[in-house]
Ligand code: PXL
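Just the one chain here, laid out as structure tokens, in the form predicted on its own.
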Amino acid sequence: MSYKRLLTIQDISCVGQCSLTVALPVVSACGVECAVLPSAVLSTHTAGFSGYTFRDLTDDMPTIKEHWAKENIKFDAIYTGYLGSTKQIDYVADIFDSVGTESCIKVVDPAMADNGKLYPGFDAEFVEAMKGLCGKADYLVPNITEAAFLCDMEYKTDYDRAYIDELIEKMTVLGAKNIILTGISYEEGKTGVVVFEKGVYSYYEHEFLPNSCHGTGDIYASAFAGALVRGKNAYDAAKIAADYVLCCIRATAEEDNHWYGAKFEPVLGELIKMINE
């Protein structure tokens, strides 16, 4: 397989094991060249830290894109994570249309909500803008909260297959071609990923680990995107990403007070093995 180049667009939290500090090494470990477009720079992430610095890079995004276009730089895949405003979403939509190769794979992680609530600073206008970006995705990777917001449906913690099927159906109406819905549990002690690829449903179930970690969603989406670009189908990429996240959570549980992120670095070797199997 030819050497592929992926562009990831999201913020960079200098400390905290999330966003670009996760995406760059994880995608690279998949054997894919990883280019970056930071949407903002923060001293730390915003969950649990106080007094963090924040520099908005929105106005730099179109000029960076214009330079790439001038240099005829193209990307085999574009993967988006946390975006801070509707203006950034508009810029990303333009990037999708202008600097991807003809076969560019577009992966959208609509990182805007969890546990039934939008992240601070997001509102209904942002959700509507994100719907438009999701409609451009070849692969959409939401959690169940984000899916509920995208579909204008009630968020449920107690649900059945019919509820999940309705979420999937409504996300396809938005225009998303393939959907990877994470954190779906049909029985106690288990969780998993619903994969909808080319009209076919599948479900990968795995152990539910009780200790949660910041940044696991970023790890998952990065590993999924990297595996996909390496030629894995959506189900295999979703399985690899899930198994790798489990490795990261287990590694993190071995250390006391590692509350701010997941220890993904010591187990990157496991991801490399999965990709090359």
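Throughout, we count residues from 1 along the sequence that is shown. Quick caveat, the model's predicted, so the values are computed rather than measured.
Just so you know, the form predicted in complex with the ligand exists too; it's not on screen, but the next bit is about it.
- [ ] Decide yes or no: are 6, 8 and 28 jointly within 4.5 Å of the ligand in the predicted complex, with each residue judged by its heavy atoms?
- [x] Verified in the predicted complex; spot residues all out of contact, no.
Task: in the predicted complex, residue 82 touching the ligand (heavy atom, 4.5 Å) - done: Flag for residue 82 set to yes.
Task: Residue contact check: residue 201 to the ligand in the predicted complex, 4.5 Å heavy atom - done: No - in the predicted complex, heavy atoms of residue 201 and the ligand never come within 4.5 Å of each other.
Open item on the list: I'd like to know whether residue 47 contacts the ligand in the predicted complex, with contact meaning heavy atoms within 4.5 angstroms.
Closed with: Yes, contact at 4.5 Å.
Open item on the list: Taking the ligand as it sits in the predicted complex, is residue 232 in contact with it (heavy atom to heavy atom, 4.5 Å or less)?
Closed with: No, no contact at 4.5 Å.
Task: One stretch from 220-228, 38-46, 59-67, 246-254 that, in the predicted complex, holds residues within 4.5 Å of the ligand by heavy atom - done: Comparing against the ligand in the predicted complex, the contact stretch is 38-46.
TODO: Could you work out which of 163, 186, 155, 119 is the residue within 4.5 angstroms of the ligand in the predicted complex, going by heavy atoms?
DONE: It is 119 that has a heavy atom within 4.5 Å of the partner.
TODO: Could you run down 6-44 and flag each residue that has a heavy atom within 4.5 Å of the ligand in the predicted complex?
DONE: The stretch touches the partner through 11, 13, 18, 19, 42.
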